[in-house]
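Single chain ahead, written as structure tokens, the form predicted on its own.
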């Protein structure tokens, strides 16, 4: 098996040959990097894509998966894709804001989606297609949206009321929307790479964080957080993306097979996401290391009242028309 430099890939792609291989007998190597554990919905989706891609291309393609930030940390991976050092990623949607595609930060808005049905109307509809197209000018092709799930809040104190967040150092991924969210609660947002969160919580560099249960469980954050609130206040999802030049340089038959594999892997990943998060939540509860709390109807109403103002605060950044189109598509009031 032979791996090529970025320059070699670019040259092969330019001539319309099998990118990643100078010999028709050699498999085309696609590096698929991501920052979470293999046991998460994204991790299992990546493995399913590998299985199907290698099957449907009859060995013409070899998928190499690198989970848990083995190759790159959060801030580095998209740049690596653009440079051609890695061919495929599935970053969180907030990653595209710093690239200039600020519209993707709409997915970070608190309480923007009532449930997965509402979410699908965006990711599988015209809004989702238009958002992915915005990446093409960055040298990126967006192939699919993958779910993780709705987030919970955790800290070393109970988080029942918005007032409970006052002064807490809360870890967030880099997102102006998430920054505004935490500030609205009176917390101090702290941007930190996902791979560093466990240690940050353990050492007290940050007091708490937000995550879907599957991420919290597989990273063992429940071992260093005494309390968590099943708030479902926000959504975490991913876009599977590829280096545009690399992908368009693939032989037509290979690309067709990979498109088929991606469609099936996407259906698989999104179908298992809810169960994976439900199972992770149950496992953390069973461990007894974190006390979980479900908001009452009145408490959830108070959270919404505090957080919905973020929609107006960031409308100039994310796009007022986009936010309103999401309301319309999902039937939100």
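Since the model is a prediction, treat every value here as computed from it, not as a measurement. Numbering follows the first chain given and starts at 1.
Separately, the form predicted in complex with a small molecule exists; it is not shown, and the next lines address it.
Within 4.5 Å of the small molecule in the predicted complex, a heavy atom is found for every one of 74, 194 and 215. Residues placing heavy atoms within 4.5 Å of the small molecule in the predicted complex fall in a single listed stretch, namely 235 to 243, out of 137 to 145, 235 to 243, 113 to 121, 78 to 86.
Checked against the small molecule in the predicted complex, the candidates 284, 273, 36, 46 yield a single residue with a heavy atom inside 4.5 Å, and that residue is 36. Note on contacts: among 175, 181, 92, 154, the single residue with a heavy atom within 4.5 Å of the small molecule in the predicted complex is 92. With a 4.5 Å cutoff on heavy atoms, residue 231 does not count as touching the small molecule in the predicted complex; it lies far away. Though the partner is left out of this view, residue 171 does reach within 4.5 Å of the small molecule in the predicted complex, counting heavy atoms only.
Contact between residue 225 and the small molecule in the predicted complex is not found at the 4.5 Å heavy atom cutoff.
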